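Here you'll find one protein chain in two forms, each presented separately as structure tokens under the names structure 1 and structure 2.
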Structure 1
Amino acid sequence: MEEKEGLKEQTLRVRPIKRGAEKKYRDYPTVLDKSTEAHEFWEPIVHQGLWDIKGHKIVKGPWGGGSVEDAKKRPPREFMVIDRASFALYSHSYGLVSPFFRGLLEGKLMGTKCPECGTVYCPPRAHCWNPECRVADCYDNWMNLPLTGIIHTFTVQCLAAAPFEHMLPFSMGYVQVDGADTTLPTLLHMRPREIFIGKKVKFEFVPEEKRKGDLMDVYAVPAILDEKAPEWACLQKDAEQMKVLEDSIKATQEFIKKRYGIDNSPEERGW
């Protein structure tokens, strides 16, 4: 193993690329193709199998059972850490609810309505969940919904999985779209002090050229500007907890700026 200036070399174990894996799809016409370019880039990679990453590192850390304080009392031990990676590429179909995601590309919210009980689903369902309807077909019963709703529940995120870490801190909520009987998970582009259950919101979309046809294309903003949370609001009624949250948000913003060079402050975001 050779290392130059502390950087570990990486090599790829090459395996024969399998051809004809998508032969079964050739009898179906492609109406709109915006993924072939991605496939051409990734397919040669995903068929290589595991990557061999040369090198390792030694770290010192706590060990053994018991509490954190118990672990601190024991001398730390050395552990060897290696990295392994594996790629996979999936073609995922939205199936019978595809109109909903195509609607997002067009800046629309769509739902399905059960022909038996009248339940309106947004996000849509191809079949009704009501046991009395015996999974009645909803996939041909589409309706356009207004771009308004109310917050049913919410969370403020200062931790997130790696793909979303650069977006921290952010808030998410389940919003009941006006005219629907279910709730839509969506980002809330507003400050935590403004968020409360029952708050009226309106939906907006990212610029058309950035839309991908998934739930990240849409987000909610306040329907009423400068609206104060009611006294009973669970988050705002405890001043001490609100201070803890705001301190956590500030620390998260500083962390993201240091790690990614991104300013996610309310002033920069505009909300």
Structure 2
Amino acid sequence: MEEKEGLKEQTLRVRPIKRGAEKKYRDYPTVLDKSTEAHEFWEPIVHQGLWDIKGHKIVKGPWGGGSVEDAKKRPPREFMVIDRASFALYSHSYGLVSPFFRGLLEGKLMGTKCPECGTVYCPPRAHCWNPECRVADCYDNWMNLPLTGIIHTFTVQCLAAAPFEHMLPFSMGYVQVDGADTTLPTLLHMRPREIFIGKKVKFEFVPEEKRKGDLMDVYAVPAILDEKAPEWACLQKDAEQMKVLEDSIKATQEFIKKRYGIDNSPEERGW
């Protein structure tokens, strides 16, 4: 008989805590504060959750050294496995390239240009990495870049890490913004049938009230409507691959619907 120990129903008992002023910014004016609410919400959870054991189980499993066969031959042993939670809220500065992220909030894509070698960086660099330029300052040399670019490479994801799983399936890639020399990690809002290296895209932004100041605020859509992938395109040239991928995408949509109750079918999300 399998014992189900430690699986009592749990609720997160959050004790409200009184926040003091943040000492580290004491001597520096906060020009804009959109994080008070986040701290008030998260800090009690952080203080409650850290290192708290939420439950345990006893697992009877193989043990000891040697080969797979050796381990499976021994009578199994019982191990106690605890569940311990941890959270944290990180307050992280975007540094000298902060203007890029403030630009995202305003629906702009910005890059920096090296005053020495002329390289245009998007993602921006505050200092040039070209060894010839001897760490030249680029942080006062911002450019507004056009909201157009070219797909440098891409993938179509049917699996993702925890924070992004609910968005599946989706496509990400690296886009060279027109005028920039480096490429920007970008979500590609377009059907896999249309994606190819060299495709011209436009950048669009999520609605202003939903922008948070990271690369999830911006995404790329096709610059040319109903553009067919050229016959050399590595994904579409193999019709069978394309079909397998489309089946996988459908299965992924169903998985997400089941797991999160979210409908990510193209009709629902609009691409």
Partner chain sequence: MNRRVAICGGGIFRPDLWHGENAEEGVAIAYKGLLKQCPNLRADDIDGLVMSYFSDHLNQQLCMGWIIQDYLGLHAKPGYRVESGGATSLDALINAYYLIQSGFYDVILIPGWEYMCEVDVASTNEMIASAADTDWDFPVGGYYNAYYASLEVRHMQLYGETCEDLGRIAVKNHNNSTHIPWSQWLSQHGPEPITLEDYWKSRMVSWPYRVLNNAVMSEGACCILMAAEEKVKKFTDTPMWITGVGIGTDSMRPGDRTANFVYEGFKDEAAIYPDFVKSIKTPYPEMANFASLHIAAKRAYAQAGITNPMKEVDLMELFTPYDGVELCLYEDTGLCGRGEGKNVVREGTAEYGGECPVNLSGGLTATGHPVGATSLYYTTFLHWQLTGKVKDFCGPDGLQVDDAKRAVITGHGGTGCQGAVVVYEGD
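These numbers come from a predicted model, not from an experiment. Think of the rigid core as the biggest set of C-alphas that the two forms share within 1.5 Å after superposition. Numbering runs along the sequence of structure 1, starting at 1.
Of the two forms shown, the form predicted on its own is structure 1. For Trp63, a C-alpha deviation of 2 angstroms or more is recorded between structure 1 and structure 2 after rigid-core alignment.
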